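Next up is one chain by itself, shown in structure tokens, the form predicted on its own.
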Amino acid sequence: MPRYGIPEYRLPYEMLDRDIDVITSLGVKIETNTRVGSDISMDQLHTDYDAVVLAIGLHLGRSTRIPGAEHKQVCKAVDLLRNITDGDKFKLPKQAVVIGGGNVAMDIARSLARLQKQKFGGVKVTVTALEDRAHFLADPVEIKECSEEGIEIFDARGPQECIIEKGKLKGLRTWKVRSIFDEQGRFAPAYDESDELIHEGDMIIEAIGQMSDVSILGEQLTEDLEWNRGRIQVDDNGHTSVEWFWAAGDCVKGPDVVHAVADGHRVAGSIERWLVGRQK
């Protein structure tokens, strides 16, 4: 996720590679291009190793599921950020609309804006978010720098429909948000339908949250683990309810690289104590 989920202008790959080199210099072996669940099973890992740590991040994007969201030009921010990092070719939109008010929304908006600037000589990126500016989840500096790069931000706007005409994506329809939560504090947005805007765009990017691909766990381990609102339940040291299994990072606590690194230190200490205890 530090490489594929965070743009290089925020976390230079040179610095990331330096940290990885430190890790491998300590004797850590990194197996790439190996998918757990197909190339190797979780059962096999359990057989080959005393302890296993799950630190898979949040590589899957969530969908708004509004009408038209299934259109091929409606993308998930995390997928598009990966494409940009990999250098994969994709049709750069002349006008893009981003749904979301968090750091990932700002990251993809700024990444697209920079590509547009290079190719078209100008920026046409719009960000729409449910929250008002005072309650954006993104860091204030990210919001400020978005505006400085020519990105237009609309706060308190609820996505209603991806507008499609004759098979082509034309833009996003939004309504003004009156409230996001009901009296019980549950997520239940209410809108002012008379306050409608059409945000033109030939690509819409959903940046409303991410989730882990826990399908790699397999049925038995999924059943054996304890869960809390879709996330694996762990103790303060990342130890799960399964003796040989730990979980850490974004897949447990949500997206935050600093806390993910701290989790790694805690889990390493926990596993070391557990291994020493087994030898006594």
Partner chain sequence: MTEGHSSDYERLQSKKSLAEILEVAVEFERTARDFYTNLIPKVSKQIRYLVEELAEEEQHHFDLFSKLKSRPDIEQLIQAMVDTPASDQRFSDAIHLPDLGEKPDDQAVLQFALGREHAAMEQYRSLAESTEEGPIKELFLFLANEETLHKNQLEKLYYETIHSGGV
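Positions refer to the first chain, counted from 1. Small disclaimer: the values here were computed from a predicted structure and weren't measured.
Quick note: we don't show the form predicted together with its partner chain, though the next part is all about it.
Stretch-level contact check against its partner chain in the predicted complex with heavy atoms at 4.5 Å: of 22-30, 207-215, 48-56, 35-43, the positive one is 207-215.
When contacts are defined as a non-hydrogen atom within 4.5 Å, all of T64, E131 and E223 contact its partner chain in the predicted complex. Only one of L115, I84, I163, L137 comes within 4.5 Å of its partner chain in the predicted complex through a heavy atom, and that residue is L137. At least one heavy atom of P255 is located within 4.5 Å of its partner chain in the predicted complex. Within 4.5 Å of some heavy atom of its partner chain in the predicted complex lies at least one heavy atom of W227.
Proximity of L92 to its partner chain in the predicted complex falls outside the 4.5 Å heavy atom cutoff.
Looking at A188, you'd find a heavy atom of it within 4.5 angstroms of its partner chain in the predicted complex.
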